[in-house]
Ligand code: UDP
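In the form predicted on its own, a lone chain appears below as structure tokens.
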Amino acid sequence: MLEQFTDKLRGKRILVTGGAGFLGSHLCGRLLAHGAKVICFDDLSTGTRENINEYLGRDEFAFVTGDANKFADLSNVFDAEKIDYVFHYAARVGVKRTTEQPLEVLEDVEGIKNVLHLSNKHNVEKVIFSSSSEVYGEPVEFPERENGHVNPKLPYASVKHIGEKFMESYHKVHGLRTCSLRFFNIYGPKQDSSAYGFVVGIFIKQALSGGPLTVLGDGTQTRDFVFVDDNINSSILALLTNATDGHVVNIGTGRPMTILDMAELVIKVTGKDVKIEFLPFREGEIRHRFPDVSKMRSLLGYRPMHTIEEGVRKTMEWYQGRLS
């Protein structure tokens, strides 16, 4: 289904906030591959130039340093060139970082407001907002449905939920086409594997470095792991599908697995003889994630193309290149 839509991107001017981050940089690359002109906007607080080095110097790619939470920074981008679409991905991310810096996380509400105000003012065709499965908090029902119970507790989750409501309001009140995507656990090349990073990258780096793999708690907590290419396919379809206008959509696989199973899979894929070490459970850690992806399938007509083993293998190969 994706192929029939991607010609619609050719020649479009697309702003990606947070475009030098893990997910944003992958998105920039895919949009460029489909013939779009991409404006990558990032303050490099968590993103890196390394993530976008391969695009720098291309006529159809522009990198602008700026903070989405500062109206003047973002306004300059909209004033400089007509923007057709916006992917608002700029945010403080990572459980450790966002719990250590809660006030900075709350500042991201300003970025959401800035994006919506300027998109509406400059007649942007559609805005895609990167929300998160974190809005569900500790689930009270399974699977987690878009129209079901939400329970955001951490500042990061609260900001994402506020962002969804702002997106919905601008669509209803101003007619601005918006869509909020509740991303479940994305993994893949370029993802941060430091202490402030994410579990798949951390496990792979630990395995390739000789271990041990550190599992929090007993490892029975579950997550829905989505390979980055599948996430991006879904996001582009959400942009180009009118049926998603004004909606919130879960983006996942519908196949959660335990953290312990992921650790064991990483050991299998890397082929390393390493141990698993169990550490105390982290305060605020969510026990389970199990999304209902029926809305994604019905609106987007998309199912993830990568098995979990294929995705982990591709990710591992990238880390091998980095560590060799």
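Don't overthink the numbering: it's just position in the shown sequence, from 1. These numbers come from a predicted model, not from an experiment.
From this point on, the text means the form predicted in complex with this ligand, which you will not see here.
Residue 197 is the only one of 197, 102, 254, 246 with a heavy atom lying within 4.5 Å of this ligand in the model of the complex. Taking 241, 158, 221, 114 one by one, only a single residue has any non-hydrogen atom within 4.5 Å of this ligand in the model of the complex, and it is 221. At a distance threshold of 4.5 angstroms between non-hydrogen atoms, residue 58 is out of contact with this ligand in the model of the complex. This ligand in the model of the complex is approached by residue 259, whose closest heavy atom lies within 4.5 angstroms of it. A residue is said to contact a partner when one of its heavy atoms sits within 4.5 Å of a partner heavy atom; residue 164 fails this definition for this ligand in the model of the complex, lying far away. Using a 4.5 angstroms limit between non-hydrogen atoms, residue 275 is distant from this ligand in the model of the complex. The stretch among 209 to 217, 84 to 92, 136 to 144, 164 to 172 whose residues place heavy atoms within 4.5 Å of this ligand in the model of the complex is 209 to 217.
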